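So this first bit is one chain, no partners, the form predicted on its own, shown in structure tokens.
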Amino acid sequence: MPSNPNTVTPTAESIRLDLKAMFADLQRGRLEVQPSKYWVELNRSDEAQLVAVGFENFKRTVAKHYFTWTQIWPWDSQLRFLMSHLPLTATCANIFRTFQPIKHQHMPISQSLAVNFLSQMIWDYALKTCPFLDKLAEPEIGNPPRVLRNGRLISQDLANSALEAQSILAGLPEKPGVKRVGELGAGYGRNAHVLLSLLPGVRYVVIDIPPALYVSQRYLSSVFPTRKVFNWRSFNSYAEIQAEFESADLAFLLPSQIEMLPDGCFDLFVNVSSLHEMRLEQIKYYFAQIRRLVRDQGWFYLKEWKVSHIPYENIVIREEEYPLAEWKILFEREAMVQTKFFEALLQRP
């Protein structure tokens, strides 16, 4: 029997049972940690796709609901940014690469071409911005679209995570001070993959709702098979899990469980593209929890829409509504590539 059960290909029935247990435990939590109506609908779709198509193909299904763009137009803000920051020769070369392949099996031609072109353009920009990108490659786990550069598998996700990691690491005055990282809303774990690759001694805690928590647990356990894993499970107090949790390199929790974690247990906390999908009272709740969980002089990196319209809720969240003033702001600026986003690095006073 393998030592890590996350490396065994799950059956449809096992996926259903695992997700059922996660959802049941999440519903025990307070109102602020419950998914928005928007994510309730996406979760239904994602669960159906995971069961029907399998975990082994998640980068072709549920991953498209996280941070992958499959439709772009000539006036798209990402394209305008990339074309203005790359030489014309790079854009021309990437137009040629767009047709290799002309269609991915799981996408219509229009989406295939959009994914190809945007992936190649972001990759070029990240290559000149992130000195470490040549050390990284898109993992085959999850069956990602076959977008290649010189025979090497690349992706939007890997390039974007590299850019986000560059913002974080360049802003930290003491990188050796990062021993444990927490991430809320990690999706399938793209940022965790990059930060763990760049900072191999770091311990990483993913905090998310299912099915994303289920996917990230299996994915990161497979990408880092030698790391000690604390798999998600229901518990009623930190004392029940303390020894196992604190010795784990990777840990997976529901948002309803973070109140049981001790103060100051993270050196760095990360949130990319999920707070803006919450109601303002939820955002304030998570900011309060993150401030409690980050140690004195620790850091919090976030990247969110400047203006976010939450589907089904009739709510608009704007950049100025985030309670950043409770932190020391190391930077707050327009994000690279996704210029409709802002990014900020905060330090706990």
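One rule holds for the numbers: they count along the sequence shown, beginning at 1. None of the values given here were measured: they were computed from a predicted structure.
The same protein also exists as the form predicted in complex with a small molecule; that form is not shown, yet it is the one meant from here on.
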{"property": "Three-residue site 65, 184 and 190 fully in contact with the small molecule in the predicted complex at 4.5 Å by heavy atom", "result": "yes"}
{"property": "Listed range touching the small molecule, judged in the predicted complex by heavy atoms within 4.5 Å, from 130 to 138, 205 to 213, 79 to 87, 102 to 110", "result": "205 to 213"}
{"property": "Touches the small molecule in the predicted complex: residue 61 (any heavy atom, 4.5 Å)", "result": "no"}
{"property": "Partner proximity in the predicted complex: residue 194 to the small molecule, non-hydrogen atom cutoff 4.5 Å", "result": "no"}
{"property": "Touches the small molecule in the predicted complex: residue 35 (any heavy atom, 4.5 Å)", "result": "yes"}
{"property": "4.5 Å heavy atom contact, residue 249 to the small molecule in the predicted complex", "result": "no"}
{"property": "Answer option from 222, 94, 166, 274, heavy atom within 4.5 Å of the small molecule in the predicted complex", "result": "274"}
{"property": "The small molecule: the contacting residue among 154, 115, 162, 278 in the predicted complex [heavy atom, 4.5 Å]", "result": "278"}
